[in-house]
Every structure is written in structure tokens, then in C-alpha cells.
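One chain comes next, on its own, written out as C-alpha cells in the form predicted alone.
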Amino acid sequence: MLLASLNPLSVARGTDIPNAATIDGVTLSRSDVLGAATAVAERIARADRLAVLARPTAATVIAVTGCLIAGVTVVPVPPDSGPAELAHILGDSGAQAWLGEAPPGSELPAIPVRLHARSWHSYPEPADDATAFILYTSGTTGPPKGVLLSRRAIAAGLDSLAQAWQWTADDVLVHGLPLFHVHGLILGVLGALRVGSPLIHTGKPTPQVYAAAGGSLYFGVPTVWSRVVEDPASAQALRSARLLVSGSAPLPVPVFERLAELTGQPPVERYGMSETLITLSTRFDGERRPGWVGLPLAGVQTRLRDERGGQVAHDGEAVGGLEVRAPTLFDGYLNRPDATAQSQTPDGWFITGDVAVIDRDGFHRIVGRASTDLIKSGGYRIGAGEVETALLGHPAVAEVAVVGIADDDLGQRIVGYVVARETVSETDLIEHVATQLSAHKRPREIRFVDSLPRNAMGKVQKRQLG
């Protein structure tokens, strides 16, 4: 029952939350959210799918919640979408209108979202298997694919995270993440509404605004935490927080260690993707190991397979393709039965496309994408993340991305793209890695760059390198 908490029934009992959501300078109580969202629901009840230009605003929160109340599928659209991407998302999803703001030049009609409108009409809970969202993936291998997420999957995912993180209504969640992805929208908005914890969306997630927010639970991508540790005063202001959560990309080990030093607590890392929601996480009351994303959440099963489909040992060293089976799995790709079929094994496991290591205690370390982060060099299988961590351990290295580039002799040679904070030679960095890792894992080449290409969630776009 997704809306058993999102709807929130506590308002009807007189237990309102005066600061349920603060975003874009607007603070909404829980009754404000419910009343305005129900007014939206009355206007869209006969719709099937609506597009929401997912800017970090109160109108976005109301629009999404109104759709959930009415049982209308939400198509979140990145505000910075280019014309081709926008046309693809609208055409592929079949969105009938914009709910709230429409981008300039759009031919779809727009339904206004009025923050001060109120309705207390009661709607029946939609079916658990109804599609709540169509989230579009980044489309690194073609046009973005629409990921179908059911109400049941979202509820299962949020409840398992609340359990793992001991997330309760006593928390205050702070984040400044985009609202068109799982991290910022589903975890960062719906999670807070479902749990009943106040949300503060900071807009731009700078160290200073995070420090001033006074929350107990913080969400951030690695880029956010990297900037926080470069501002010790802001980092130390987070010592009163209960939990610092990092996700959407691997957190460099040096950032993990520095964050733990400055705040007094190691961050929680987790792993997931649009198709699976969050499946792995370290726990509030469990071990937090740098470079590792923890254990499967409630109801989640994982396994590793090699290229031939054989089992890979859970010994903390062997690398294999990560497959997942869980109640949080998506219902397929919209209009893409071929891609849906290719993403599943014959016995019903989802093929994540990531490669990972699992130790004997069930702890997981994500090596990266099989297509870009598993390097086959000189007959060895090498995880790019391991080499990146070694390079980041050098004081002159600010950022790094390691890729495999085709080589006639080795198959692939290891190349490191480095953003340096001070002058350092290529030889020094290669030798540094050789002192940390096996000789075959050292980079054969270092290329110095001013910056690394990243997407809106801070993930390095390795396909643009090499």
C-alpha cells in the first residue's frame, strides 16, 4: 500500500507535520501536501500518463504526489533535456499533457499545479501492480529506455531502506539532488513522505548549505561529499547528523576516510539502479567498509556469473557479473520487449550489467559497468575501480577515471585520466599504483585532463574518454 503512508493518514487524525517539505524557498506542511495534491488529483483523475518537468520545486512535489493519489503514471522529465531527448521521452511514453510547468515550444497542453488549492476528497488506493513511474535511463547505448516502476516495487524499496537505515519520523532528511532520478525523487521525496520525516531540499548541494540545514539524515552523490571534505568547517558541522548516505556512483575511498575523520562517522554506501531500485546497502548499526556497498536489503537475492553463465566464487576476490532477484524489480522497458528479454536470465534474474565482488560474509563491492569498468589486459580481469582507488591515494590526484583502451598486444591497456591538484609526473603515478597493486594492474598510460565528463548525478561518462 504505497499511499497508506504517502496519503498521509496521520493528518486525518490531527497529527500534522508543519515542515513536511521545504523546497525552493517554500515550506509545506503535511496537510498542505495532501490538500494541494488531492486538488491536483481531482483535475487529472481521468488521465493515464502525465509528464512532469522535474525541477526542484514545491510544484513538482505536489504534482508527483497528486498523480500517486489519483493513480496516474508520472513521467519525470529532466529540466535540461535537449530537443531530441525531450521529443523521444514524450513520444515514447505517450504522455498526454504536462502537469505543471511546460518547457518552451512544447505542443502538449499543460495542467496548472496550484500550491494553495485544497481538496479533502478521499481516493481509493490504486492497485499495487499499477505503474507509478516511467523513469528514463541515461541512454548511453542509444535512446533512453523507459523503466516501468510499480507502486509495489517502490513501497518495498522504501520500506527496506527505512529498516536498514532505521529511518523514522524523528529524522530530518537533507539533500540537494535532482528530482528526475531514483535517488532524489523516489528516495529523497517519496521516502520522506512515506516515513513521515521532514524534508529539506537545499537546491544546489553546496557544503555550506548542507552544514546550515541542521538535518539528521543526508543524501549525496560522491561529488557532493568530495566537496564537503574539501571544506572542513562545513564537514565538521555535520557531526551532529545521524547518517550520511552516499550513492549513485562509487565513493572514492579517500573521500570515505576523510568524511569519517571530519564528521566522526563513516558514511553509509548503497547500490541500485533505475531497474532495481536500491538492492544493497551498509546498515545504520552494521559495518561500513570503504569501497564496499554492503549486504542485500530485505527480500533481495544476488549472485555472480562469468561470461559463460557459470557461478563465480564469493571469496572477496573473484569478479563476476551481478544479477539480482528482488521485490523491487521493474516491470520491463516500455515499448522494448527485446531489451526487456535481454535483461533477464532464463530463470528470472535481472542482469544488472555491473561487475562485482562478494566476500564470504555477503558483503558486496561494485567494480563497475561490465562494458567500461572490467578491463581485460594481458589475460587478466582487472576492475577499473581498484586502480582508481590506488591513484586517488596519491596526494596530487583530485579526480580520476580508469578505462581500458584497445591494444594489439595486451587486448586492452589500462589508461588513467587524471585531474591533478598539483604538478606530478606520469611516471610517479604509474609507480605509485605499482607499489599498491599487482604489477599487471598498473596503468600503461596517464592522460592529464582539466575535468572529467559527468552526468547530472555525478557519474563519470567513461564512453566519452579514450
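We call the rigid core the largest set of C-alpha positions that still match within 1.5 Å between the two forms. Quick caveat: nothing in here was measured; it's all calculated off a predicted structure. In this text, residue numbers run from 1 along the sequence as written.
Unshown form predicted in complex with a small molecule; subsequent notes refer to it.
Participant: So which stretch, 266-274, 341-349, 93-101, 237-245, is the one near the small molecule in the predicted complex (non-hydrogen atoms, 4.5 Å)?
Facilitator: Looking at the other structure, the answer is 266-274.
Participant: Would all three of His394, Gly416 and Lys462 be in contact with the small molecule in the predicted complex, where contact means some heavy atom lies within 4.5 Å?
Facilitator: Negative, none of the three is within 4.5 Å.
Participant: Taking the small molecule in the predicted complex as the reference, which of Arg325, Arg288, Arg381, Arg152 has a non-hydrogen atom within 4.5 Å?
Facilitator: Only one listed residue qualifies here, and that residue is Arg381.
Participant: So which of Gly320, Gly188, Pro207, Pro250 reaches within 4.5 angstroms of the small molecule in the predicted complex, heavy atom to heavy atom?
Facilitator: Checking each option against the small molecule in the predicted complex, the one that comes within 4.5 Å is Pro250.
Participant: Arg118: heavy atom within 4.5 Å of the small molecule in the predicted complex?
Facilitator: Arg118: no contact with the small molecule in the predicted complex.
Participant: Can you check whether His314 is within 4.5 Å of the small molecule in the predicted complex, heavy atom basis?
Facilitator: No - in the predicted complex, heavy atoms of His314 and the small molecule never come within 4.5 Å of each other.
Participant: Answer for Ile89 alone: is it within 4.5 Å of the small molecule in the predicted complex, judged on heavy atom distances?
Facilitator: Looking in the predicted complex, residue contacts with the small molecule do not include Ile89, since no heavy atom lies within 4.5 Å.
Participant: Is the gap between Ser226 and the small molecule in the predicted complex 4.5 Å or less for some heavy atom pair?
Facilitator: Outside the cut-off, so no.
Participant: Once everything's superposed on the core, is Lys441 shifted 2 Å or more at the Cα between this form and the one not shown?
Facilitator: For Lys441, whose C-alpha is compared between this form and the one not shown after core superposition, the shift is 2 Å or more.
Participant: When the two forms are laid on each other by their rigid core, does Ser29 show a Cα shift of 2 Å or more between this form and the one not shown?
Facilitator: After core superposition, the displacement of the Ser29 C-alpha between this form and the one not shown stays below 2 Å, so no.
Participant: Which is it in the predicted complex for the CA atoms of Ser246 and Lys441, closer or farther than here, knowing they shift by 3 Å or more?
Facilitator: Closer in the predicted complex, by 3 Å or more.
Participant: Tell me whether His440 and Arg365 end up closer or farther apart in the predicted complex, going by their C-alpha atoms; the shift is 3 Å or more.
Facilitator: Farther: His440 and Arg365 separate by 3 Å or more in the predicted complex.
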